[in-house]
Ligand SMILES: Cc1cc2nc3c(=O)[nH]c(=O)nc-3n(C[C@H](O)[C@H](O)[C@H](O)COP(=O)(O)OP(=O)(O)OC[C@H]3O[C@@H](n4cnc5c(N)ncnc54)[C@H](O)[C@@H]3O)c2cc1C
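Have a look below at one chain only, the form predicted on its own, in structure tokens format.
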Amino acid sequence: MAKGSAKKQRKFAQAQARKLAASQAVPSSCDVLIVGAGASGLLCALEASSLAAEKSVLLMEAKPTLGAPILATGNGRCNFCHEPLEPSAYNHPSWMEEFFSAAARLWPKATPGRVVQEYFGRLGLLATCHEGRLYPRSLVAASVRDLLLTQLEASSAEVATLRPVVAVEPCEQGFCVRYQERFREDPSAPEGWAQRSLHARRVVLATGGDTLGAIEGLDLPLVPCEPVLCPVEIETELCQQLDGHRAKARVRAYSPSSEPLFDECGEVLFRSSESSQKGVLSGIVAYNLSRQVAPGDSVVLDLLPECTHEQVAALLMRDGSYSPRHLDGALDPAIAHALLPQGIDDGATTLFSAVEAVKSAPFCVSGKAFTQSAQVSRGGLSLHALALPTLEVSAYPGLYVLGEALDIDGACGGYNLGFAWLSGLVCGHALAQKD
């Protein structure tokens, strides 16, 4: 009964979305077309329409709703920025430093993170901060998304949903843009959906990762996309018995040639895998690890980073005899039982090896896990194709690319959304100044 009711609700919502999309009039031409109504696209539309109300701005979205990706950020709480936004937290730190320096010419009295926080503050968002991570005071992502949609409704920008863009081609005085109407079937058309086109003087692609098929014909440098900020799969059987257990650890990673790749402290969540020979490391620190490692790299866990080797040895030999249960007060007993030998002897199983099992537990990386729910896609348009500070494609004046559609990704903690917001604001300013 409940399943049937949920199915009916989904069908009703889909029908309503198609009805709404069909009612949205799309002009045959516009001054600015923004493709994608995620974080960067929404702010670009708001800024461009606010600073240049005389220009026609159209925001086109492939999905039935606007700002949907925002609702999933920060586990539904929307970690909307980090203060400060350090360039070192991104995969191309030198380029980010240049971008932040260029943005500082627009907002000389504020850091990049402060620019974002003050923007949302003017909209009425009350923020709370935890270790540099900024959240709405409500800890509900809808607080951020709904504020933006309210601003959009009051702006001069037009909106069109259920219209994925399939091609962007240069033409006289701008671009010819072809798009589908995913609410109107046409059996004779590719994929069975009606196709339309419009002319735009300027086009902004804010479509997110792995969605640049519309410009594949422009011979631009595109970096292959891959999911990041997701759990890491490791070669071990231990996670089958440790599924759901957690530990605060120092996580280090090394290449096969012993080159240091990663070093960060945080909570690690052990999870089982479909294969009994593999396991999964999850949690924020593991998500950040996924940005730095590849199959064949090694991960080393220090499960008691606040203790020295000597202190761990003393704990294990408390009362003069060895027992893994002596660590019950410091480590999850299930983890200690899985990693530590039950006894020591004069052979290979020594006190030293027991301490190492806690301080340097080694695992081999076999890949990424649960990539379908990865927070970010790495890759997209190469940064070498852009002009700063506008984010305009140098080879095609009037074409701009923002946010996750670029080959930029950052660590967990609001860095990716921070860049998305800021890129939208910077591009919106640039569009407003264009004739």
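When you see a residue number, it is the position in the sequence shown, counting from 1. What you see is a predicted model, and the numbers here were worked out from it, not measured in a lab.
Absent from the display: the form predicted together with the named molecule. The rest refers to it.
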Sort through Ala102, Leu123, Ala72, Ala330 and report the residue having a heavy atom within 4.5 Å of the named molecule in the predicted complex. Ala72
Among Lys368, Arg378, Lys63, Lys55, just one has a heavy atom within 4.5 Å of the named molecule in the predicted complex, namely Lys63
Given a 4.5 Å cut-off on heavy atoms, tell me which of 335-343, 108-116, 254-262, 72-80 is the interface stretch with the named molecule in the predicted complex. 72-80
At the 4.5 Å heavy atom threshold, is Pro227 in contact with the named molecule in the predicted complex? no
Does the named molecule come within 4.5 Å of any heavy atom of Thr207 in the predicted complex? yes
Touches the named molecule in the predicted complex: Val393 (any heavy atom, 4.5 Å): no
Partner contact for Gly174 in the predicted complex: the named molecule, 4.5 angstroms, heavy atom: no
Across 20-37, which residues bring a heavy atom to within 4.5 Å of the named molecule in the predicted complex? Val35, Gly36, Ala37
